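Here's a solo chain for you in structure tokens, the form predicted alone.
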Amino acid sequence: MKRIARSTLQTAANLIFFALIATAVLSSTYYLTRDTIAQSVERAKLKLVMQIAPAELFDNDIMRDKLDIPASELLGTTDTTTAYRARLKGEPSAVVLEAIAPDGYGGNISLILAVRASGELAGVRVVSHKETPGLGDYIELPKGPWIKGFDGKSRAAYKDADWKVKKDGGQFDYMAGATITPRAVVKAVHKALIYFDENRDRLFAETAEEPEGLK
């Protein structure tokens, strides 16, 4: 009986030892690679920003002229995000916002969009998603040009009721059999434009206001 108890204790001790080793290895790997991962994320984000906010829109350092945006229901965000402000000859030109479509077929769809100072969309891109490969992933470049359909659109050009897919009586195309995905993206982009309209002056303020100043 004592022999069984000792064996059990030894086995438990071994398991704890290896668990501690595994935790230490994982922690070390995280701390060694987090800066590299963060840099990769920033490079990917910069690439997307350059796609939707072309160089002719600004002459400032858009990646440094930024503003922290608190979580917003209109943007679908639950954490602080970053807005990048484009200025041309000292005047507001465009702002790049991050948004989340929470109701995609596979869950959250992360978006980045550039809105011109006039309220017109300069471009929208998908940052990440979990939509069905070969069906709902046509929202992502280069798998399809659908996302470019937002270029030049605005709330001035389309009534709020028009910001839906055509199946729902709106103005936006969709692929047959994959309605949920574009419906979620159109809704999220529309809400982001509402956010822009409600916060335009604060977004472009030369001196960033306190985060709670933004809705």
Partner chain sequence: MWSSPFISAPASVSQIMLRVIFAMVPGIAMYVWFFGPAILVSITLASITALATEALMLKLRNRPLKPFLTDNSALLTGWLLALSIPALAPWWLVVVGTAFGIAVAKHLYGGLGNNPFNPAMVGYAVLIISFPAHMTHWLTPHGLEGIVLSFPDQLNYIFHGILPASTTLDALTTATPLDTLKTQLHLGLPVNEIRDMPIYGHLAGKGTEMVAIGFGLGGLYMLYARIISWHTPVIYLGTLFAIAGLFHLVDPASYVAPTFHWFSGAAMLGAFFIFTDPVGGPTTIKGRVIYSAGAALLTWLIRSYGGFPDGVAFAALLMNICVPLIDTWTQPKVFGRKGDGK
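These numbers were taken from a predicted model, which means no experiment stands behind them. Numbering follows the first chain given and starts at 1.
The same protein has a further form, the form predicted in complex with the partner chain, not shown here; the description that follows concerns it.
S.K.: Can you check 127 to 135, 72 to 80, 112 to 120, 88 to 96 and let me know which stretch has heavy atoms within 4.5 Å of the partner chain in the predicted complex?
M.R.: Result of the contact check: 127 to 135.
S.K.: Although the partner chain is absent from this view, report whether R183 comes within 4.5 Å of it in the predicted complex, heavy atoms only.
M.R.: Heavy-atom contact with the partner chain at 4.5 Å: present for R183.
S.K.: Hey, in the predicted complex, does F150 get a heavy atom within 4.5 angstroms of the partner chain?
M.R.: Taking the distances in the predicted complex, the answer for F150 is no, it never comes within 4.5 Å of the partner chain.
S.K.: Do D103 and the partner chain come within 4.5 Å of each other in the predicted complex, heavy atoms counted?
M.R.: Within the cut-off, so yes.
S.K.: Please determine whether Y174 contacts the partner chain in the predicted complex, using a 4.5 Å cut-off between heavy atoms.
M.R.: Close contact exists here: in the predicted complex, Y174 approaches the partner chain to within 4.5 Å, heavy atoms only.
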